[in-house]
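Single chain ahead, by itself, as structure tokens, in the form predicted alone.
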């Protein structure tokens, strides 16, 4: 039987190495998402404050992070800031910082949009029945905000997981980097290794991201009305 190259996946510890690389990807994504969601909620609430100075600062931060490609932010953090200020950061820590900065900006804008989308009469109705400002926020505004926010936040999570593939370029040995190492080592003996390795990585990302994406779609459909 002709060897189609798939055997490269199971030579030595190649498949285990890919799984270990995927675990590093998941770890970095998980920490970045937790930090981003927490800080993003705070930032979103700050962005609704009617203060021109706060609005300018948060807008500049948001636009800077949005305009700058994530790859450039990674290079700036890992090769620029750490070298310029003699800071010893591993690639994993630099990646978590960059993805947290990016995720916080995106999550903050989502929270701001969700809070500002609540009609004014919802606040007025709460006051009319004698609720305090805190009670209005907790029992009237928050439930509606969460319903509008969660599907978008989950989509942001999947984008963050997929974008972690860039960290292979700052020498983090995650799943894509491991795949590149296997392909390079098999370049002469298995010319079609790239097809099988990158195909496997595709399915690994799919297995991680598809359930999250489906959850967002189900929540959006369930809460549409």
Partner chain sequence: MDFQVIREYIPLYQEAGILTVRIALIGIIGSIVAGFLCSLIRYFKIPVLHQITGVYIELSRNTPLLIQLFFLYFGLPKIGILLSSETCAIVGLIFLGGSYMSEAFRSGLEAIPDIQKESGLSLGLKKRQVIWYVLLPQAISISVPAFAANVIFLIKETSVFSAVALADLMYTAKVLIGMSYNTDEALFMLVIAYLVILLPVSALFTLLERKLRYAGFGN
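Keep in mind the model is a prediction, meaning the values are calculated, not measured. Positions refer to the first chain, counted from 1.
Not pictured, yet referred to below: the form predicted in complex with the partner chain.
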Handout entry: Candidate stretches 73-81, 121-129, 134-142, 87-95, one within 4.5 Å of the partner chain in the predicted complex by heavy atom
Key = 73-81
Problem - The single option of 31, 46, 57, 68 touching the partner chain in the predicted complex, heavy atom within 4.5 Å - result: 68
Problem - Sole residue of 39, 194, 156, 173 within 4.5 Å of the partner chain in the predicted complex, by heavy atom - result: 194
Exercise for the section: Answer for residue 181 alone: is it within 4.5 Å of the partner chain in the predicted complex, judged on heavy atom distances? Expected result: no
Practice task
Could you confirm whether residue 10 comes within 4.5 Å of the partner chain in the predicted complex, counting heavy atoms only?
Solution key: no
Practice task
Please check if residue 61 has a heavy atom lying within 4.5 Å of any heavy atom of the partner chain in the predicted complex.
Solution key: no
Practice task
Using a 4.5 Å heavy atom cut-off, state whether residue 166 contacts the partner chain in the predicted complex.
Solution key: yes
Practice task
Select from 178-205 the residues with a non-hydrogen atom within 4.5 Å of the partner chain in the predicted complex and write them out in sequence order.
Solution key: 180, 191, 192, 194, 195, 198, 199, 201, 202, 203, 205
